[in-house]
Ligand SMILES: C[S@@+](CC[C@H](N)C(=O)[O-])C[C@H]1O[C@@H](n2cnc3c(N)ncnc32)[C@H](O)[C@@H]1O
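The chain below stands alone and is given as structure tokens, in the form predicted on its own.
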């Protein structure tokens, strides 16, 4: 049955390869086969491949068709309340795990958690005491809770998972050894033309865009909150836009309290992450 499904997927993909690549950024035959095979197993081989193929040709993202997306080492539930997890965000997991293990960081926060992929993946792969997941979107927090439940047997019993509904670190009194974030970082006017039409059509704009005029002030407040909520010597790691990370690093450097500010490239050589440490 699986081999028949694989043959169907391959035939479909090769027959529509150009259109699929234009409609679905980053989609390839390997990914398409992996996701549909997994979902077929989840559905006990009751899925209808033609329905999936038709929706793909309409431009609907595969993750939203299946309701799940593979990220790092697991499948996570997704919906239109949050962004679809990206391959490049897996790099933030790798770097975060290095920092956590090297510096014995125990209390962490995932700010703007979306579907919970970063915080929950770190909770599964590091020796932590607690992980707090925050988001301004109620739908995102609900989805993060669903994913925590879905992965409950992979989460160490010793790690405490908390959820907080709010903007950035508003309303939080706790301090953390490590704060990680994938916030909205696209300038709405300056950068929107560069965003793929599928992303604009299906993913929440509030998780993608900030108004150009408010951009630096939004991040200034965020960085000030990070300083307030990091323990002395604690680390901060954030995904950002390649065109704006230099200015954000300069903004961070203008605040008293950050040191070791570095911009990290992704596998394509593009600036992707900013990392820093609180003095102390």
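Residue numbers count along the first chain shown, from 1. Fair warning: this is a prediction, and the values are worked out from it, not measured in the lab.
The form predicted in complex with this ligand exists for this protein as well; it is not shown, and the discussion that follows is about that form.
Student: Could you tell me which one of 83, 100, 148, 122 places a heavy atom within 4.5 Å of this ligand in the model of the complex?
Tutor: Filtering the options by heavy-atom distance leaves 83.
Student: Going by heavy atom distances of 4.5 angstroms or less, which of 161, 207, 128, 172 would be at the interface with this ligand in the model of the complex?
Tutor: Contact check passes for 207.
Student: If we take heavy atoms and a 4.5 Å cut-off, which stretch out of 149 to 157, 194 to 202, 179 to 187, 100 to 108 is in contact with this ligand in the model of the complex?
Tutor: Careful reading of the contacts points to 179 to 187.
Student: Consider residue 91 of the chain shown here, and say whether it contacts this ligand in the model of the complex, taking contact as heavy atoms within 4.5 Å.
Tutor: No, residue 91 is distant from the partner.
Student: Classify residue 218 as contacting or not contacting this ligand in the model of the complex by the rule of any non-hydrogen atom within 4.5 angstroms, answering yes or no.
Tutor: Because a heavy atom of residue 218 falls inside 4.5 Å of this ligand in the model of the complex, the answer is yes.
Student: Could you confirm whether residue 168 comes within 4.5 Å of this ligand in the model of the complex, counting heavy atoms only?
Tutor: Answer yes; at least one heavy atom of residue 168 falls within 4.5 Å of this ligand in the model of the complex.
Student: When the contact criterion is heavy atoms within 4.5 Å, does residue 136 count as touching this ligand in the model of the complex?
Tutor: Heavy-atom contact with this ligand at 4.5 Å: present for residue 136.
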